[in-house]
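Quick heads-up: it's one chain on its own, the form predicted on its own, in structure tokens.
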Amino acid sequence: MIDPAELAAAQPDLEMLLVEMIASVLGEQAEPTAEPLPAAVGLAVSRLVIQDPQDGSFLGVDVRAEGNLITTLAATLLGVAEPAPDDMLDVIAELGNIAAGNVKSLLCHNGQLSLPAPQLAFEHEGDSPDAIRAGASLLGNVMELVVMPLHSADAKTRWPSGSAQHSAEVGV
């Protein structure tokens, strides 16, 4: 699909993609930042996988944000004072879907995109050495877009109906 050097060269494009996504989807001004997400903070994470049909390789695409940022965004987008956890999962899943679709267009035009796997977590594991991170600061918080080569898709990865991956999952 893409070698680590190509992925590293795409970092400025990933940063621009993240900042532009925040502005167009959320209507918020964001600035690129090298500041990582705080270590001990609740997180909202959406993971999607892109599979290259030519060589079968995989890229993982994560959108991560501080939990209080997703709470604020969900409240604003959904017009509720206190969004439920499912509302926050919906917001991070949609942000992940938008970002991963753009990453697919940038790095693997013919790739197959999985469904988002959103979760609320208390911490996140470290990234692989080949992972490329783009960060944005908005509303006093950090949001990250992280793209990484994967050896395989996680067994929990869900694929859209009608895709070759979905057919293999259900034994069609």
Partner chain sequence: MQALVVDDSRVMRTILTKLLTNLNFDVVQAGDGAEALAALDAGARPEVALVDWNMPVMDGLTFIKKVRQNPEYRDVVLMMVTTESEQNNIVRALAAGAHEYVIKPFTDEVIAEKLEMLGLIER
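Being a predicted model, the structure only gives us computed values, none of them experimental. Residue numbers count along the first chain shown, from 1.
What comes next is about the form predicted together with the partner chain, which does not appear here.
For the partner chain in the model of the complex, the listed stretch (141-149, 28-36, 106-114, 56-64) containing residues with heavy atoms inside 4.5 Å is 106-114. In the model of the complex, at least one heavy atom of residue 21 sits within 4.5 Å of the partner chain. Heavy atoms of residue 12 never reach within 4.5 Å of the partner chain in the model of the complex, leaving it off the interface. The partner chain is not drawn, but in the model of the complex it has a heavy atom within 4.5 Å of residue 102. Residue contact check for residue 72: none of its heavy atoms lie within 4.5 Å of the partner chain in the model of the complex. Taking a 4.5 Å heavy atom cutoff to the partner chain in the model of the complex, the contacting residues in 56-79 are 76, 77, 78.
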